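Presented as C-alpha cells, the chain that follows is alone, the form predicted on its own.
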Amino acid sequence: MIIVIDGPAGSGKSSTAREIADRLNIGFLDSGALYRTITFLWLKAGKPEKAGFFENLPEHDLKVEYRDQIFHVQANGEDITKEIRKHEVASNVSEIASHPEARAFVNGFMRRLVDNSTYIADGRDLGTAVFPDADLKFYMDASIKERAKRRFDEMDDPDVTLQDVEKNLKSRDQKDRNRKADPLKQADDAVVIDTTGKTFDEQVAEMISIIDEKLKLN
C-alpha cells in the first residue's frame, strides 16, 4: 500500500510525511532525497557529461533507511544524509531531476521498495507518474514566502540568505512545472491541503483524519 504527497518544494511534504509515518507506524520514502543523491553524485564526479553519468547510475550502491525522523542515505558506503541538503545540491537538483533517465532510475528504485509493505512518500509527480494507482493521494501547497522560510530554517549554511532560498524556490517551481518529463502537477484525484497559516500539528491531524477515514489503517 502506498500513500503519496505531492507539491512544490517547501510546502511541508517531507516533515508531514515523516510525522504521519511515525504516528501510523508505516514506512517513509523521501523521493526528493533520492534526486538530491543523484545530484550529489553528479557534482562529486565533477559534473560529467550527463548521458554517460545516467547510464552508469545502476553501478552505484545506494541504501536508504528511515529512523529517528531522518531519511538516511548511503551512496557507495558513504553516509551523505547531510551533504545532500546543502545549497549547492539544491541549486542543481532540478536540472538533474528534469532528465527522463534520472526519473526512471528513482521511480524504479521506489517501486521496488514498496512492493511488500505500506509506505508514505512525498515528491512532485508521485500521484501522476510514479504511483498513479496509489491508495491515497495528497497535494500540499503554501505561499512562496512561507515555503522559503521553512526551507531556510532547515538549512545549515551561514552563507545563504532567506532571499536566496526564495529565489531558488521560484526557479525550481518554474522548472518543475514546465519540464517535459513528468512535470509537477496536481493529480485529479488528489486531496488538496493548503498549509499556509496552519500549524504543523494542524496539517498532520487533518491528513491523518483523512487517512483513517479512507484507508482505516488503525
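So that there is no doubt, residue numbering starts at 1 and follows the sequence shown. The model shown is predicted, which means the values in this text are computed figures rather than measured ones.
There is another form of the same protein, the form predicted together with a small molecule; it is not shown, and what comes next is about it.
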Should the three residues I2, R18 and R111 be counted as contacting the small molecule in the predicted bound form, with contact defined as a heavy atom within 4.5 Å for each?
no
In the predicted bound form, Y35 touching the small molecule (heavy atom, 4.5 Å)
yes
Can E166 be called a contact residue for the small molecule in the predicted bound form at 4.5 Å between heavy atoms?
no
Even though the partner isn't displayed, in the predicted bound form is A9 close enough to the small molecule, meaning a heavy atom within 4.5 Å?
yes
When the contact criterion is heavy atoms within 4.5 Å, does R179 count as touching the small molecule in the predicted bound form?
yes
Just to confirm the contact call: exactly one of 95 to 103, 111 to 119, 134 to 142, 69 to 77 touches the small molecule in the predicted bound form at a 4.5 Å heavy atom cutoff, so which is it?
95 to 103
